[in-house]
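Just the one chain here, laid out as structure tokens, in the form predicted on its own.
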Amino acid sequence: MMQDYNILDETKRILRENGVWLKRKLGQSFLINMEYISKQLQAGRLNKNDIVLEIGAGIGNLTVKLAPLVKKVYAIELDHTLAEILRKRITAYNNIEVFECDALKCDFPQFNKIIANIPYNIASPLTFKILSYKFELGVLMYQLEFAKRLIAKPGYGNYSRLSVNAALKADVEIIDIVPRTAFYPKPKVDSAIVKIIPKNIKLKSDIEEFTKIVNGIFSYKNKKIYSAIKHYMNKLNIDKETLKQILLNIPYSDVRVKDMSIDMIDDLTVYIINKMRGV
């Protein structure tokens, strides 16, 4: 794999001229390989009607490639210095608007697609904030291990509450693995380009109760459901008689938490809600 030295040289020059020292604790590392930028753009199926949200725009290596392909780019960048550099860099474009804010705290403008190299240190809460909005398609860069957890299926070792909650809201797939050498400065981990297509699964149970059960039982992912629910309910200080009734005929009692599908967890949630209500 060859780096795109035009992007690398330009990135180094921009940072040097502006006296910027990148903050590794904020995950400030820029994609400088055109091969992977092109894959992001292609996966986004971009057209002139698209309004694209970019989070963690940095100095704009992706932003300036997006702008000619779409109607509008909303670029979010928390770091004031990088946001100022970005504003200076995009003066030739009239369809880019920069928002200098914390992506976890600010409201997003209306968009139909999101293409972004998001900050890895807030990947989980940011992903679920993104999924709370209505949009057509997302192409996001994640740390590889996080991406593997995001797409994991029942029965796999990295299947987790993250996997369940993501699968509930979207179809998620890894498009490509991106080596750490494709970034400057080089991070300590490899990355992955992930495609996200939102969906709406209709549950038989209440979504809030379903989420509580998921978060509760996955604290004991290697245990069987009988044991996991017993531990979880004890933490909630459920009275002994109610717990006894719940455990009496609990579905999937011998199935391990890590093997539970969304449908199975949904059935379990309905059962527990009914038992708690004395049905």
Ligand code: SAH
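Here the structure is a predicted model, which is why all the values come from computation and not from measurement. Counting begins at 1, following the sequence as shown.
Keep in mind the form predicted in complex with this ligand is missing from the figure; the text below concerns it.
Screening I114, L150, L82, I193 for any heavy atom within 4.5 Å of this ligand in the predicted complex leaves a single hit, L82. With respect to this ligand in the predicted complex, the three residues F30, E77 and D102 uniformly fall within 4.5 angstroms at the level of their nearest heavy atom.
This ligand in the predicted complex comes within 4.5 Å of no heavy atom belonging to P198. This ligand is not shown here, but in the predicted complex it comes within 4.5 Å of a heavy atom of P119.
Heavy atoms of A57 reach within 4.5 Å of this ligand in the predicted complex, making it an interface residue. Stretch-level contact analysis of 41-49, 242-250, 214-222, 57-65 against this ligand in the predicted complex, using heavy atoms and a 4.5 Å limit, identifies 57-65.
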